[in-house]
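Quick heads-up: it's one chain on its own, the form predicted on its own, in structure tokens.
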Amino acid sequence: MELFDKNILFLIDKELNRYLEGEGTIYKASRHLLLAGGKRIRPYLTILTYMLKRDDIEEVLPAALAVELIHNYTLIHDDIMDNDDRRRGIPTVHIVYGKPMAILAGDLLYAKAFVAVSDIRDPEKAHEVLKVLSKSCVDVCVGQAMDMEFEKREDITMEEYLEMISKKTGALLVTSVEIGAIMGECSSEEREALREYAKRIGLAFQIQDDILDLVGNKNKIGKPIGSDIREGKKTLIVIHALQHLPEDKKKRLLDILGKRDAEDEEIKEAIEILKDSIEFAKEMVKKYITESKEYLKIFDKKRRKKLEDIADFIMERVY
């Protein structure tokens, strides 16, 4: 059985296109990443969470799209800040349209997210969704700022890193399920369980991303292997290595880390130095995914199955 229901994905894409119908370069730029695909995990999570309790997908769709529009807005701005030239296997928005237009395209997606919230039929639910979504936008900004500041520091702790990714990556995943829970009228106990589930898949998602950057297939992940090393990212893997490596290897890793023009051979050398820390990160992903599924046990077995499958997909994904 397919992990992602094609009918639901078709509905998501159809409605996304409707929100982004418009003439001119700004609309082309805002559609650029969306039309390149993407897994649609966030809106899909919103719909699956809603379906724990209810079945009227049309009711939850605007709320689900709001999360995806915010997500794509963050990606465009993220690529500008990181100077990334590829995402999802294609040139990034600022490479094709220039930085000023890319910033505007991201802002347009941000604004359209709140147009989607205003399309929620029930005003009380719309208000709750607005509160949760706007809070997660703040968290994403704070997380991104922490990530940028970490590049200048060597003494990042594991706890600081986990807090940063819980904001930068995790916040929108938690919001995805929380919005689904609001729309599906879950109880406060159920909402809390879903938040805990999503917190853990959010942490696992980012750590798996960190792993794939070093050992993934560049054609599948859509960007060059080792780009985090060239950018000097203090990932969980790097933090673990800096805490456990002997001094000579630690020094060599720091020589390569953040070297934008590092040769491919140097990147390979850094990945070899990080080998044990990559294994540590894989164990962390397993731990978070196992814990996440425990929180779903208060829901109907059949209805929670796809949420469990999403958790497994995050651990096993290769792109």
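From 1 onward, residues are counted along the sequence shown. Please read all numbers here as calculations on a predicted model, not as lab measurements.
Heads up, the form predicted together with a further copy of the same chain isn't pictured, but that's what we're talking about next.
- Among the residues 212, 80, 156, 245, the one placing a heavy atom within 4.5 Å of a further copy of the same chain in the predicted bound form is 80.
- The contact residue chosen from 193, 90, 162, 142 relative to a further copy of the same chain in the predicted bound form is 142, the criterion being a non-hydrogen atom within 4.5 angstroms.
- None of 184-192, 200-208, 97-105, 227-235 except one has non-hydrogen atoms within 4.5 angstroms of a further copy of the same chain in the predicted bound form; the exception is 97-105.
- Contact check for residue 112: a heavy atom falls within 4.5 Å of a further copy of the same chain in the predicted bound form.
- Residue contact with a further copy of the same chain in the predicted bound form: residue 26 places a heavy atom within 4.5 Å of it.
- a further copy of the same chain in the predicted bound form is not approached by residue 166, whose heavy atoms all lie more than 4.5 angstroms from it.
- a further copy of the same chain in the predicted bound form comes within 4.5 Å of no heavy atom belonging to residue 217.
- Contacts with a further copy of the same chain in the predicted bound form, taken as any heavy atom within 4.5 Å, map within 126-149 to 126, 127, 130, 131, 134, 135, 137, 138, 141, 142, 144, 145, 148, 149.
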